[in-house]
Structure formats: structure tokens, C-alpha cells
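Below sits a lone chain in C-alpha cells, taken as the form predicted alone.
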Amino acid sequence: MAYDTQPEASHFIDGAYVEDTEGELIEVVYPATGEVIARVHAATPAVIEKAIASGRRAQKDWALMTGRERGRILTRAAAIMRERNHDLSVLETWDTGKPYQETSVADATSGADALEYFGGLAATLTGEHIQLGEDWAYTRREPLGLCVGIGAWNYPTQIACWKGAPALACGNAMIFKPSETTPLSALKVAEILVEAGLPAGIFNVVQGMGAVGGALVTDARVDKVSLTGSVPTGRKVYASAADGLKHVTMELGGKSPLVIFDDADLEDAVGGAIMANFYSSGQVCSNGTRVFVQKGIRERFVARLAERLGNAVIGDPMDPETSFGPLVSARQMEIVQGYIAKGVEEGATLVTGGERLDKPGFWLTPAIFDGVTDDMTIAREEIFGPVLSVLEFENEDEVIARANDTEFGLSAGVFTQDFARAHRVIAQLEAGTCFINSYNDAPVEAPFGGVKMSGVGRENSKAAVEHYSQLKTVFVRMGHMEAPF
């Protein structure tokens, strides 16, 4: 039986659901129909205080547990998530509008992967012995304390786990604030963690808009902030966190290049472009939305891409056959429509798509623009929707320079059968998460994050441990202490 879309209460704090109807009402809308499917309330100052106080209190005992003990709980939570993957995926589809075909393999499963990976890593988080003649030093890897995670609306379950798993493995407590657009899934993550044995207060979920996030970020008792969101939001959060010298991880937006050379396997390259632009209806931060195609194959590429887009099944997101869903909200749909109009106005050729479907909900057909130039708005700004821009290039040096001519640097991809060229080009692309003959893979074992305006720090992999822990150095003198007087 799938979860009821109306949660028991708005927040999950200190191991239990908490409600305070004095908080601003947030209506949760199912993107496929525009219907209100749940209502929650934004956190009041009292709710925020309860979350912070419980997290600070519980964290001390959690940090004293062994890594193996903490890891066992995370691993158990991963198993529960896998057992309930169907129900969690249905809820994620209600929350985001993404097709069940996608949520069933990419959301709760990815969250479970993170819990399992960091659960396994927890017991290995040790310090180092450093011999210095007869004296010596050692390091202790210690938690930061209370962490705040601020999520985006495109992957609510995954992001809650990507942030929560390494934080908890390292001995921290976390307060997670989902996007107000998709507030439902993170509550189930909190429920499952407690069911798996997580002590009350270690993973709290509070709802709200920017004001709630601001109150959490600026509180002196918070030691670390991890945000997934847009660059403008990231700037504000980073500035607020910097005022308190808090540890920060920022996973922000992108305008990533996907470079397709004329020797690439055409079907693979088209498949890569589809995964880089139309998965989650284009609402993925790492998407390769600037598709640079070498002159010799551009026409064939565009024709085949348009042909394969005709195979997209647009319909009820709960139908396992559906492969393309709605935008997450009316506002997001309007933003994307504005960019499509701008692309036409600035002279790009709309090959196919970009149409509003005559049905309830927030539906746009996947759009391909050809003849796009580097200075066009659709080639400069992050759209966060199903809009692919094709840009023609002639040679390697040219495309590297053009690909790097952006303030962003989250991802990049190269399709070619010349592996020397593939590695050579990837080495010169200014991006943190790159792909060769693939796109948008995100295994938890590999670091994920960007450079330039696309973010600070890394999520996933052993690299995340560095962002949720700190080293204490202890020097030990074995002989007598000398001093000048």
C-alpha cells in the first residue's frame, strides 16, 4: 500500500512527528494534475528551536558511539528503504511529478546506496599516528556537530540521504529542510532512520521557505551548512554561513557542455544527449544543455535526436510505461516557456517540442533548438527544463574554449571513439563532474560537485567525509619539556 500523501504532521523532530499550525500554510501540488495533495506548515521559531536543541543534545551521545555502531544503523535503514522502494517511489512521483519509471530506479534506490555506502565507511573513519623521533603526534577525526541540509525539489529523497548519510556516519546530527515544493519524501527518510535504530534528534526534518532556511543557517549553534540549489540562493546562504565561519558545501547549478565529435557512435551520442537534457523533464543541475556537435554529423545528429524524442511516452506518471513527466510547478513551467520564447526571438531554430499540452498540470513537450550561438540567452543561462540547445563546432581547440566560456562548471561530457582525445579534452574542460561516452551517472562511490560558480566541496564518496568531519592534532612529548626561561 503506497503512503498517504498527507503526512502525519509537518515536521519530524526528536524522533517523532511535530505540528505547529501557526506556521505558514504550504500546499503540496501534484504536478501532473495541478491538484493539492497535501498541506504542511512552515516551521515556527518554536519548531526551529526544538529541532536545534534536540540535535545539539542528541549529537554528543551519537558521536561517542563507535563507527561500526553508527554504520550498522545506516545500513539497516538502507535495507528498509530498498524493501519499501515501491511505496517510496510512488510518494516521490506524487511529490515531484517524475515518472514512476524513473523514481523506482533513481531516487529511493540512490538514497539507499548512500546510506549503505557511508554505513560501511563509518567504521573506517580513523586518525593517523605520526612518529617524530622519540616524540609523536596523532590525529583524531571528529564530527563537526550540528549540520543543516537544505534540499532542492528535483531529488528530494536522494538529496536528504546524500547529505544525511555522510553527516551521520561522521557522528554529526542533521536538520534537513526540504524544498517547500517537495516536502513529503524527507519525512519518510527520517521515519525509516528512526525505525532502523537512529537515536531521536539525530536527523530532524523541518519545513519552510527561505526564512526558515535563513534562521537555521544563521544560528550560532549550527556548525555546517550543505545546500543544493540555484546560484543566487547559494550566494545568499554562503554569505550568511561565512559570517559565522561555518563549514559549507554548495552544490549549485550549471550550464554544462556536452561535446560530440564526428567519430562518436551516433546512437550512443543521441542517447547521451537525451539523458543529459530530458531525464526528470530536464530538471537536473548537472544537465549537459549546451550540446556541441561537430560540423560533419550535426544534421544527422539533430534528425536522429528529433526522431528518438518521438518515442517519449508522455502521460500518467504513475503508469510504468510513461517516460516523460510534467514540470514540477506552474512557476517552473512559466520560466521554461519564457526561455523557449527567448530562443525563438533571438534566432535559434525550434526543431521540435516546447509546446504546452492541453491538459491539467504543468506539461511541456521536450524541445530541441538548432542553430544556437554562444551569445544567445538559452546558451548562457540555466533553464532547468526540457530544452536542448545544439551548437555546431569545427575543431577541438575551438570547442574547448567555447565550452569553458561560462561562469558555471558543474559537469561536462565528451562522446568520441578516440580515447586519447576523450581524456585530453576532459582534462581541459572546467567542470567538476565529467563523463566520457556517458552522461549523468552518479554512483555514490564517486565524488559529485562543481567548480567556478557551480559550487564548493563534494558530495558522495570518501571526499564527503572531509566535508562532515575535522581533524584534531595531538602532539605528545616523551621527554622533558625545555623552555628558554
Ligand code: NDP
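Numbers follow the displayed sequence, beginning with 1. Quick caveat: nothing in here was measured; it's all calculated off a predicted structure.
Beyond what is shown, the protein has a form predicted together with this ligand; the following relates to that form.
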Exercise for review: Let me know the one among 373, 233, 365, 323 whose heavy atoms come within 4.5 Å of this ligand in the predicted bound form, would you?
Suggested key: 233
Review point. Which of 183, 171, 317, 213 has a heavy atom within 4.5 Å of this ligand in the predicted bound form?
Key: 213
Point to revise | this ligand contact in the predicted bound form: residue 179, any heavy atom under 4.5 Å | key: yes
Point to revise | 4.5 angstroms heavy atom contact with this ligand in the predicted bound form for residue 251 | key: yes
Exercise for review: Determine whether any heavy atom of residue 384 comes within 4.5 Å of a heavy atom of this ligand in the predicted bound form, and answer yes or no.
Suggested key: yes
Review point. Given that the partner is absent here, does residue 137 sit within 4.5 Å of this ligand in the predicted bound form, heavy atoms only?
Key: no
Exercise for review: Check, residue by residue, if 276, 390 and 422 all come within 4.5 Å of this ligand in the predicted bound form, counting heavy atoms only.
Suggested key: no
Practice item. Report the stretch among 84 to 92, 213 to 221, 262 to 270, 241 to 249 that approaches this ligand in the predicted bound form to within 4.5 Å, counting heavy atoms only. Key: 213 to 221
Review point. What are the residues of 87 to 108, in order along the chain, with a heavy atom within 4.5 Å of this ligand in the predicted bound form?
Key: none
